[in-house]
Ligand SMILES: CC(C)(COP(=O)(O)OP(=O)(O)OC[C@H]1O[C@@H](n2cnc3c(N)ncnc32)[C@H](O)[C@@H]1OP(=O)(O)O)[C@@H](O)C(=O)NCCC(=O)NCCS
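Just the one chain here, the form predicted alone, laid out as structure tokens.
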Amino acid sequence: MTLHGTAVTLRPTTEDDASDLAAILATPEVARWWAGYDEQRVREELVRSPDTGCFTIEHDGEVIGAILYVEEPSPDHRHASMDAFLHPDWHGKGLGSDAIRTLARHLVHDRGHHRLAIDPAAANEAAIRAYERVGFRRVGVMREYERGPDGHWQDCLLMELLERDLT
């Protein structure tokens, strides 16, 4: 299924995207938050993973990033988690928020989730602002939640969006 935002298109990620996505993940601005990705890891974790849905983000036919989600299928805890990255040339242009909003609408309206979560590094202020533009709210800091590129544990900010908060 291909999803259309205002300025971006989200299409299922394929093996052919691995090289482009690995190159984006290798840029210093993205690798700061997404360390250690090469083509093989992109294939294993973004393309072939049975637990993760991944869309390649395109703008005017150019691959500019990826957005992914994981669903909790339990009826009593049903929700989805999201994550995204964009090539630095496209940061600050509203395309990240457009991609996030597009996937959020799909997860809420088409997949039946009433709650979405996202957990950027607490220091990633640009990502946090993009998520807030879509309607995500800050829940709290998860201390030493993930290993950063330098090998040390870093705090992440738990953010959530309820169906009624989707802007």
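Heads up: residue numbers just count along the shown sequence, starting at 1. Note that this is a predicted model, so its numbers are computed, not measured.
The discussion below concerns the form predicted in complex with the ligand, not included here.
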Contact assignment for the ligand in the model of the complex, among V42, V108, V30, C54, heavy atom within 4.5 Å = V30
Answer with one of A127, V63, A117, L46: the residue that has a non-hydrogen atom within 4.5 Å of the ligand in the model of the complex.
-> A127
Exercise: G92 in contact with the ligand in the model of the complex, heavy atom 4.5 Å | yes
Is there a non-hydrogen atom of A84 within 4.5 angstroms of a non-hydrogen atom of the ligand in the model of the complex?
-> yes
Any non-hydrogen atom of Y131 within 4.5 angstroms of the ligand in the model of the complex | yes
